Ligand SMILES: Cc1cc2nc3c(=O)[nH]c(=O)nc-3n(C[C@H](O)[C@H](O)[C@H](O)COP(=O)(O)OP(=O)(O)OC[C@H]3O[C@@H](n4cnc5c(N)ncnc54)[C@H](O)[C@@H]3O)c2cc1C
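Quick setup: one chain, the form predicted alone, written in structure tokens, and binding and motion questions come after.
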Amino acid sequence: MGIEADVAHAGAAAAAPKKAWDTRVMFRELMMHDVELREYVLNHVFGEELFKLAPQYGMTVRQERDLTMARWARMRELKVYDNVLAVGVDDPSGRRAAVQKYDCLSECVGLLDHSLEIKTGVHYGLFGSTIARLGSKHQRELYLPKVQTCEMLGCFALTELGHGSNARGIETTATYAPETDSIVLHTPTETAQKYWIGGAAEDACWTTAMAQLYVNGECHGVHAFIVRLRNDTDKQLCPGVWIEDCGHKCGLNGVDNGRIWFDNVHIPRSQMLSGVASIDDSGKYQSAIKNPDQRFAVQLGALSGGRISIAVNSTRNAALALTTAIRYAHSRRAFGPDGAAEVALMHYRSHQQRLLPYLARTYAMSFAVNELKRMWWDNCQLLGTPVSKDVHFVSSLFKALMTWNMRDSMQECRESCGGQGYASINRIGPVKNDRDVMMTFEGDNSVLLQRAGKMVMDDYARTVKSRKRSGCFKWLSEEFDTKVNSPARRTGSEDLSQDEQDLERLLETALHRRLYALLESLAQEVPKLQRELAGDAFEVANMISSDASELGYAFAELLIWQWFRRDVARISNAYPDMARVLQMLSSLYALDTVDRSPSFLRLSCISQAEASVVRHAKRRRCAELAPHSMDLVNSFGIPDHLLGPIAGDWELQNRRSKL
């Protein structure tokens, strides 16, 4: 009958088991907000010819950049980005709605084209958001409508050649000149050149430049200034501005990253964003926020939004890779019993155990990050205030863990698809390359975890002193209160029953005990180091930096599980048909967390016998979830035209007649 009649390897849809629940309901729970807009963009806008994936592969840098701008122009033509900035900025509910819409669009665009996500994110989410958060009412009314329409196309200039994570140490200066009533932006050293500035190399005509403000010889720290870079008509650089292209990158070549030098560039005093601090008509510095630490936190508030966006889009792109690999695993067959047909890859226990723990982690993170988004939206309703400590803390933790989860799950998905995973058309490799930068921009993951770990230590000290949960410990279950006053390490055998409730208690106890053990270890180590190092705070922090990072990681894994379990309970009450599979995902997340980390045995949080229980239970849970895995990835709601051929009927896509 010929090659084309051979349908033995029909696509994923043919291999899928009957749905156990309504995947659209799960999709709505996962996405949480703006579901109709999300579906319109993903299914209709991205269904247009301009947004097809295939032309992206093998393009030159010039072609990638042109395609990115063409797609952005088309989305503006369709009015998709209307009201993400300029509408409602002076009433709390309007601001919240605008931020929610922007977040929705960022997540949609992030599934299609990371370059487009970054170009729009820099313009609306950094350039525009900085004006919205730091500008006066007059400045918001003057600039934001032009930013909304892209009449003012902008970028955000913070990072320097010599300063990335240490934003407070940037060297660019902004000096008030009373004789001209202007502010002079200057790049005093080569390490002060602005670096990796998205949109600066070609397209942006404006920037919000971050610089050290000097007034009458006194430095008032980092502040934001609106600076014109180019003319709108001919794109010629303005006097005193020098820009160079950062060149080809490992990925993300649709973004024109640039380097910026300022040679004594004068701007009007009115272009200092003055919602938080200003220079008055007499030339004196004024700010309602007297504490310089709080003032610095306000100035960099937009970065927290960037970290949240990175965390969210990391879970979405992990979902994209898992959708591809799991759908392929249900349709691709290999080997089988003697004399019998080949069996699907998902039948193999080893295949289940390499993919399904990442599916559980991605589900847990998808629900947990929704809580962070709600915290961010509440904070965005308050202009001119610091980003809350809670938002800063959780966004730092989640950005680190969720980008690492994306990286690791994508690599596992790439390998689990064999040679097909290496083909660009199947998307995993190119997306992984584009997304690799997320581990380091908006804060290096390791540095973020170290700082978050220090916050955990401080809150723990207050918790112990007050005997009540303080700071970040308010999110932990009552289980932690008992662990504060009980030994973390134990010996001997305990009940190793595999009863579901017993297993749940074992996991919860292990996760809490690890956190407590790390805290107690640091509580003993820090005073010792302080004595040995004669109170040198910098060196003490340096000596415990790895331990602080591990502490931050442990806290984040526990927090993600607790927030996921809360949503599992809520959804299970509303939709009983989804209860069992969500409970299995929650259990697998915790099992994998304990099984993958040697710290639980190293810190004697579990016994060797319990470690064996955890390993066997993890394998059993993977086998139980395997039949549901198609429904689970389809619930991510990623349309077929955003997936590679191996996620569908890959035999049909590879027929000779299609050449």
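All residue numbers refer to positions in the sequence shown, first residue = 1. Owing to the predicted nature of the structure, the values given are computational and were not obtained by experimental measurement.
Form predicted together with the ligand: not shown, discussed below.
Chemist: Whether residue 450 contacts the ligand in the model of the complex should be assessed with a 4.5 Å heavy atom distance threshold; does it?
Modeler: Yes, residue 450 lies within 4.5 Å of the ligand in the model of the complex.
Chemist: Find out whether any non-hydrogen atom of residue 519 is located within 4.5 angstroms of the ligand in the model of the complex, and reply yes or no.
Modeler: It does not: once the ligand is placed as it appears in the model of the complex, residue 519 has no heavy atom within 4.5 Å of it.
Chemist: Against the ligand in the model of the complex, would residue 257 count as a contact residue? Criterion: heavy atoms within 4.5 Å.
Modeler: Looking in the model of the complex, residue contacts with the ligand include residue 257, since a heavy atom lies within 4.5 Å.
Chemist: State yes or no: in the model of the complex, is some non-hydrogen atom of residue 158 no more than 4.5 angstroms from a non-hydrogen atom of the ligand?
Modeler: Residue 158: contacts the ligand in the model of the complex.
Chemist: Could you tell me which one of 176, 296, 285, 441 places a heavy atom within 4.5 Å of the ligand in the model of the complex?
Modeler: Of the listed residues, the single hit is 441.
Chemist: Just give me the single entry in 225, 377, 196, 475 that has a non-hydrogen atom within 4.5 angstroms of the ligand in the model of the complex.
Modeler: Only one option qualifies, and that one is 196.
Chemist: Which among 423 to 431, 499 to 507, 262 to 270, 160 to 168 is in contact with the ligand in the model of the complex, heavy atoms within 4.5 angstroms?
Modeler: It is the stretch 160 to 168.
Chemist: Taking the ligand in the model of the complex, would 31, 115 and 365 all count as contacting it (heavy atom within 4.5 Å)?
Modeler: Negative, none of the three is within 4.5 Å.
Chemist: Using a 4.5 Å cut-off on heavy atoms, what residues in 113 to 152 are near the ligand in the model of the complex?
Modeler: The stretch 113 to 152, when checked against the ligand in the model of the complex, contributes only 122 at the 4.5 Å heavy-atom cut-off.
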